[in-house]
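One protein chain, two forms: both are listed below as structure tokens, the first as structure 1 and the second as structure 2.
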Structure 1
């Protein structure tokens, strides 16, 4: 029981890590990023290539995360420009289609170029015992990374001027612009941050088991579900929703099977949109 519960929390933190990027890009840029999971895979692939080149695993992982961030900046500065020219519904639609196209582009390229790819990191100690429960070191490490990143993100948004700028744009883009904030520069920063977090999720997937090039769509969809349930503008909500859905998923997969578990997650997301579109667990950021 407790083991399943912890497993759910560990999974949930990874889901939150993916979803928070979708939340940030949607809240700040007004674009629902349907290629978010593909950024995670790109990060993983970059890390694996660096690892192959003979780098230290730690450096390779950092390099992979940076790779996802760099791709994020490029995409923000080129592909998404046409979307940013519009506002509101029009921008959402254009952004949705563009990122959907991007996700196919990345998937197609990676599956073609690295068909047999998989990324795995081996940790020196496979299991540790904490309070009588045997835990995988990988799970602990991944959760620790996620917690540190979330703490950093919260501190960044609360305490720094840039963070306050970001929150002001999430509140109201036009208002922020009138106060002399340049939304496009801040947007690039946030897209870079968000895609780097996706990169972290991709690399830590390699810690748990292995990361393959075909996992992009699954990452995107799980991230999207969590972001929707958490309220697509709320970072606290996303973190809570990730942990909740992670635990639900862990129990459901254990007791009723993976297909039903997935259907439960999807139905929760559907119901959230229909009943409380602002998010089941949404509080202001």
Structure 2
């Protein structure tokens, strides 16, 4: 029981890593990125290619994460520019169409180019015992990485000047512009940061499971689910929703199977949204 609960927390932290990028991009840019899961896969594929080139696994993982961030910058400065010319619903709808098309493009290319791809990292010590419970070191490593990233993100947003600038744009983009803040440059930084976190989620997926090129749409759907349940403008809510849904999914998968687990997951998400339509924590925090 405890082992299943821990696996659920690990899954939840990975879901939160995916979803927080969606939250940041939507909160700052007003664009709901439907290709976010594909950035996670790109990060994993880039890491695998660097591994095949003979690089150290740690360096390869960093390279894959950086690759996802670079792709995010390119997309932000090219594909999303037409959407940024609008505000409100027009920006949201155009962003949905553009990122949906991008997701099809990335999926098609990766599945064609790397049909047999699978990323798996092997740690030297596979299992450790904590309090009499055997735990996978890969799960512990993935959890620690996610916790460190979230702690760094909270510190960045609350303690740095750039973080406070980001918060001001999310609260009032027009007001921030009147104060001399350039939302365009700040958006690019956030898109890069968000896609790098997606890359981290893709790479760490290879730690405790395996990553395939076909997993992009699944990542996007799960990320959107967590973001909506937590509140699409709330980082705290995203973290809480990810852990909640991860634990629910772990127990459901163990006792009723993966297919029914997805139905239960969606049911819990729907029930949460009915009770809290704006999400668990609607405010940007």
Partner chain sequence: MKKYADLVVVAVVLALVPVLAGGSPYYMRLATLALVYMAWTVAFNLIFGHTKQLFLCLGALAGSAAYMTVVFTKQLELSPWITVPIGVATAAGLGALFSYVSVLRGLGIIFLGIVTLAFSLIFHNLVLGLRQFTNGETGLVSRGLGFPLLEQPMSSYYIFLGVLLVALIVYYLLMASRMGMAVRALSDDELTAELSGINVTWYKVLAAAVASAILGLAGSLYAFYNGIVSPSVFSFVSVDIPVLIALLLGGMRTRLGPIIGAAAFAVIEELVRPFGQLNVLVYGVLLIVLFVAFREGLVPMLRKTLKLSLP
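Positions refer to the first chain, counted from 1. The structure displayed is predicted, hence computed values, not measured ones. Just so we're on the same page, rigid core means the largest C-alpha set that superposes within 1.5 Å between forms.
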query	finding
Form predicted together with its partner chain - which displayed structure it is	1
Rigid core superposition, residue 269 Cα moves 2 angstroms or more between the two structures	yes
